[in-house]
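Only one chain is given next, in C-alpha cells, and it is the form predicted on its own.
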Amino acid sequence: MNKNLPMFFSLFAALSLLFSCKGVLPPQACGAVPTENQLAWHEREQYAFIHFTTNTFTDKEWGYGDEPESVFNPTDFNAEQWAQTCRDAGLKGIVLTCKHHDGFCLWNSAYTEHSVKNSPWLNGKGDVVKAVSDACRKYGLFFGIYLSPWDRNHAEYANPEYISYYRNQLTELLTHYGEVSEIWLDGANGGDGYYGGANEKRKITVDYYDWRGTIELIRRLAPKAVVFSDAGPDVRWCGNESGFAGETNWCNLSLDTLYPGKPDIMQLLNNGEENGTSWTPAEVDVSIRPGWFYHASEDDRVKSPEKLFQIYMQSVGRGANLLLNLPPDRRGLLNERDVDSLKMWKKRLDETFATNLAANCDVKADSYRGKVRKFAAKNATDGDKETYWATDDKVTVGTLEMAFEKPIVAKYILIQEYIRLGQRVKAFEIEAKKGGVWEKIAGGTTIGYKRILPLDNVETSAIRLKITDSKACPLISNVEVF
C-alpha cells in the first residue's frame, strides 16, 4: 500500500472543504460582542456566593459598623468543606464577601484594625480570604471577591480619603491571593452608620466613588477578571434578588448613564437593551435561605431542590449566570440542611439533562449560508461550540428540523446562539410533529448564550426550531433535546 495515501486523502479533504467554502465568508458581528473574559464568564454558568462576617454572630443582615471584632469566632471553620460542597453541587466557583457594609475585613488588612487580626479566632492569625482562595484552587474552582463600597465602620466614609482606603484594600485582595476571576461591587451606598463613632447618616454624590479610576486599577491588577455591579461594566445585576432573569434577556446595555446604585432601573436590568452599545450580560444573585447571612431561625426555610431547579431554569435557562448564596453558620461550616438540598438539586439536574436525544439525529435546515457545509444544519447538533448553523446575510428567519429514528418523549429543549458574533434572535418557536402535522409547543423571544424551555412531555417523531425574527442572520451553535 502507498504510505502517502493517508496524507493524500487528508490533503484532498482539506482542499475540498476550502473549495466548498470559497467566497462564503462568516457573518459580520451584530452589535456589541463579548470579550474573552466575558465568554469565560458565560461558560461558568453557576457558582456560589458566600456571606460570612460579624453578622453571622450578631444575627444581623446589615451590621451597623460598631460590632466588636471579638464577636467573630467560628468554632470549626473549614473552607475546604465549602469548596468541596460547591464542587459536588456543580458550582464552578466562589465569590467571597471579603468585606460587607459593616466594614469588618476577613483578612489582615494593613489599613484598618476592624478585621480578623483583632478577633479571638485563631488568636488573630486567621485569614478567611486565603483559606477560601486556597480551597478554590484545590477543588478546581474559580475565586472571586466582594468588597463593599459602602463602609459603615470607617470614619472617613463619604470623604475623599475613603476612596484611597478602598483602593488600597482592593489592591491587597488583588495582589495577595492569586488569580481573581470576578470582582463584585454592591450597589448599596450611603446611609446611617457608626463611622468611627460619629453615629450619623452620610450621603454620597453620584460621582463620589470615581468608578472609572477603580475599574482602571482592577484592569491593571486582575486582567482576567470580570467586574460586576448594577450596571457592569462587564456583568450586570438582574434587577432582583428573587432568582430570575427576564424571559426577554438581552446581553446588551448602554452604560453611559448607568452606575452602581442607580435607582429605578430594575426592569432595564432584568431585560437588558436590544440595541445597547456594550455587552453586559445578567447575573442572578439569590440566597438558598431568606437571608444572605446564616440565621438559625431560618433552618427550616432552606430552598428545596425543586425551588432551586426552578431558579436554575429562570436564570441559566434564560441566558444569565446563577450566583447562589450559601451562608456558613457560626461553626464556619455550610449547614447540613443547605448541603442536603444542594445534593438533591444536583441529582435533579443530572437526571434531567443526562441524555441529549438530538445528539445523533438527522437534522436539516430550510436554508444555510452559501450552501456550504461550514454553516450547515448539522453544526447545531455536533457538540462543538465553535461551529454553528447560519443563514445568508439578508435571511433573518429560518428553521432547523430534527428527526428521530423512533418517537421520543421530549421534556426540555436547550438552544444556544454563537454569541462571539453578537446576540441576534428576537423571537422563536418550537414545533413538534404529531401524526404528520406540525404543532407549536413552546416559544420565546431572546436566546443568547443559553435558553432552556420545558416541552411538557411531548411525544413526537421530530422537533423544529423556527427563528421567526432576528436582528441579523441567526447563528445557532447548539440545540439539545432531553
Ligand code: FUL
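In case it trips you up, residue 1 is the first one in the sequence shown, and so on. Given the structure is predicted, the values throughout are model-derived calculations rather than measurements.
The protein also exists as the form predicted together with beta-L-fucopyranose (FUL); that form is not presented, and the subsequent description refers to it.
With the partner left out here, beta-L-fucopyranose (FUL) still marks one of 46-54, 442-450, 422-430, 28-36 in the predicted bound form; by a 4.5 Å heavy atom cut-off that stretch is 46-54. Between beta-L-fucopyranose (FUL) and the residues 369, 100, 236, 114, the one pair within 4.5 Å by heavy atoms in the predicted bound form involves 100. Only one of the listed residues (298, 127, 172, 285) places a non-hydrogen atom within 4.5 angstroms of beta-L-fucopyranose (FUL) in the predicted bound form, and that residue is 285. In the predicted bound form, beta-L-fucopyranose (FUL) sits within 4.5 Å of a heavy atom belonging to residue 146. The closest heavy atom approach of residue 292 to beta-L-fucopyranose (FUL) in the predicted bound form falls within 4.5 Å.
In the predicted bound form, at least one heavy atom of residue 184 sits within 4.5 Å of beta-L-fucopyranose (FUL). For the chain shown alone, residue 241 is a contact residue for beta-L-fucopyranose (FUL) in the predicted bound form, at least one non-hydrogen atom being within 4.5 angstroms.
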